[in-house]
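Before any questions on how it binds or moves, here is one chain, the form predicted alone, in structure tokens.
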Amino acid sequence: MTIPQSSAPATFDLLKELTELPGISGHEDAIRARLVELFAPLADDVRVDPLGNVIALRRGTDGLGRRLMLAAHMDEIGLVVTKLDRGFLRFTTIGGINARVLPSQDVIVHGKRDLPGIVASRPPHVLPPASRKENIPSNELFVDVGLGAAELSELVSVGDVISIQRETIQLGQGKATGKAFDNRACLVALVLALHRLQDVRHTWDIYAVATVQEEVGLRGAVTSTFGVAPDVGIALDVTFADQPGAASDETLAWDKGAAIALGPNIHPNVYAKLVDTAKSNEIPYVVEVLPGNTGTDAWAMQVTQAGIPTGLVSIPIRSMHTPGETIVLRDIERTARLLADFAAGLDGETLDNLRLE
């Protein structure tokens, strides 16, 4: 099946827009508002559930109400203010940020108004000689926004979040780098897949879901999957691409298409249908063996209610959970094709074919 592509935004332009928006776990307002706007012309209904997940529905043509859920999390890792300290801000992390990447990072403090700042530390000249070659722990870092203590206390409070400020830029050979590719890259794939489906009749109802709070416990996937109650669920996330210093058995080649996961978190017949879809439509892919908890929304989706036949499609990126994540743009587009072709290929016999004997 060849699906024509309706007018869709350029992949890099959309990636740049979404990754440069703030959306730290539990504080996804800005990215959520933009996703509602992007989903609205591509769906029959768009709503935001009580936890903050964005749920867009494209109704199928068979009228039987079979449901496919495609879920990608919208939140990103970040920082939160814990103390105002003589004109500087002390902080802790939200999600899995390694303190080694923080010194000298540009940030935005989201107080009463957004304040540009920088993650700073004591200069090495004043450190004890034994400490000069060690990584600086996060409790010795602080954010400097250039204001005095009195003015800072009027604009910033304990509990305000801090996002990394990073421009998304293009690299050579169709690559890009920036922050929050985990998991805004998959949101781009989801939007592009919905654009492709504008020109196609699909029998199943398709729920495109942007989940919240994945980075702090898969919470949005738990509630949205329960609310949608899909017959089949596909989680979308990123995975580790091969790079220097990374073990070959823990990484995947990039620029080879989407990674289709296989393991106990994955329904074997959903995996088989994803692979068959890729082969039938000449979409490049790689297989990712995950022998336990995938650490993705698929882990929550699989065990919702009586159990959901679940798959996982991932995009390989380098330098995950740093401000310099890197991706091959073609892999986003290949993922979008796989999702659209998979959704369009579901029919009245799919559920029977998915049953385990």
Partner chain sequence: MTNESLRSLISNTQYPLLEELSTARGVAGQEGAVRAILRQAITPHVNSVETDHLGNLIARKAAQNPNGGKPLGVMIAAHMDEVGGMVQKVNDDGTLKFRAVGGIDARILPGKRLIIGPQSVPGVVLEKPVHLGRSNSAATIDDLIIDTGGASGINPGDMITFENSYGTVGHLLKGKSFDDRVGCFILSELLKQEYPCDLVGVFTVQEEIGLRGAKVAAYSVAPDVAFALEGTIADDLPKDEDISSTTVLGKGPAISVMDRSAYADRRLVELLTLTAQEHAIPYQIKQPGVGGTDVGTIHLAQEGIPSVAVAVPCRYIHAPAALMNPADVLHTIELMAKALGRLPSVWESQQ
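This one's a predicted model, so the numbers in the text were calculated from it and none came from an experiment. Residue numbers count along the first chain shown, from 1.
As for the form predicted in complex with its partner chain, it is not shown, yet the points below apply to it.
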Inset, instruction - Please name which of the stretches 37-45, 298-306, 315-323, 61-69 has residues with heavy atoms lying within 4.5 Å of its partner chain in the predicted complex. - result: 298-306
Legend entry - The unique member of Thr277, Thr168, Gln105, Asn265 whose heavy atoms fall within 4.5 Å of its partner chain in the predicted complex: Asn265
Inset, instruction - Go through Glu134, Glu151, Glu250, Asp199 and name the one with a heavy atom inside 4.5 Å of its partner chain in the predicted complex. - result: Glu250
Inset, instruction - Answer with yes or no whether Leu329 is in contact with its partner chain in the predicted complex, where contact means some heavy atom within 4.5 Å. - result: no
Legend entry - Proximity of Ala56 to its partner chain in the predicted complex, heavy atoms at 4.5 Å: no
Legend entry - Interface membership of Phe226, its partner chain in the predicted complex, 4.5 Å heavy atom rule: yes
Inset, instruction - Quick one: name the residues from 181-216 with any non-hydrogen atom within 4.5 angstroms of its partner chain in the predicted complex. - result: none
